[in-house]
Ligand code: COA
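Single chain ahead, written as structure tokens, the form predicted alone.
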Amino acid sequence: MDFAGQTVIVIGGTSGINRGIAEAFAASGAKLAVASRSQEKVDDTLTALKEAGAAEVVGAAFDVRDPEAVAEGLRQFHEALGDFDVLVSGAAGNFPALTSEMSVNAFKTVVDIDLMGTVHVMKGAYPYLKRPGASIINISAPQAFLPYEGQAHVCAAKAGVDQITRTLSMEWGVEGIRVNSVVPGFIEGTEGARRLAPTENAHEEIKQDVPLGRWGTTQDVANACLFLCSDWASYISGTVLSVDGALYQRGSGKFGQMMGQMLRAQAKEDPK
């Protein structure tokens, strides 16, 4: 797919799945802007995006929890690259914890990053979105629609992200702006994959549970984003698309149960 001359913004685009998405758009000839909290990661990613074929690259370090910093960073991106054709909002935070063992501030931290961070990015980018024609992708998670033990904070936050996607697809659709969510499955080579499958046996066990029989790749997720932001998907908006090899058709299953069991065992070993 050809995105030559188009401006693509990837928030959280300096690592993992989001970096893979940014690199795929770079390979398609787009002008790229990426942001994360680490200036070092931003600088490294800009070099990689140039090598991948991006027409122009800019970056900024800011925290999505800070609406003023988000607004200023997006203003700088617009000044450098022009109206936004594509916006990918992918900043996220997560940690496993039972609700009874989690502080209010810990719960709030994930809501502030995942949910409020999405709000800040949407509102900060709104003045700069191309009308008509802009496409927004919110990177969501299965916790938005599947309950997982030890993930109440993420479930609440990501459910909100998907509802923002659906609502803005109507509110902003009248201006010719499309909004969709993408839900990655188990993706090879990411920090989440290393935590979930630290051993070869665990890696193989997860692979066997995926109906398509393999882990996903960052390119799999990037391909879905490229499609949703292309003219081929010009009538698709308000959709939550899972890129998971059909794994989530099985529900949260043993993964959610295993996390709850692990956390309860830890609480017994280290009572407060």
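Every value quoted in this text rests on a predicted model; they were computed, and no experiment measured them. In this text, residue numbers run from 1 along the sequence as written.
One more form of this protein, predicted in complex with this ligand, exists but is not displayed; see below.
Only one of the listed residues (173, 82, 160, 96) places a non-hydrogen atom within 4.5 angstroms of this ligand in the predicted bound form, and that residue is 96. Screening 197 to 205, 162 to 170, 125 to 133, 108 to 116 for residues having heavy atoms within 4.5 Å of this ligand in the predicted bound form returns a single hit, 108 to 116. Contact check for residue 65: a heavy atom falls within 4.5 Å of this ligand in the predicted bound form. This ligand is not drawn, but in the predicted bound form it has a heavy atom within 4.5 Å of residue 103.
Residue contact with this ligand in the predicted bound form: residue 50 places no heavy atom within 4.5 Å of it. Interface residue remark: residue 92 is counted as part of the site for this ligand in the predicted bound form, having a heavy atom within 4.5 Å.
Residues of 155 to 174 include none with a non-hydrogen atom no more than 4.5 angstroms from this ligand in the predicted bound form.
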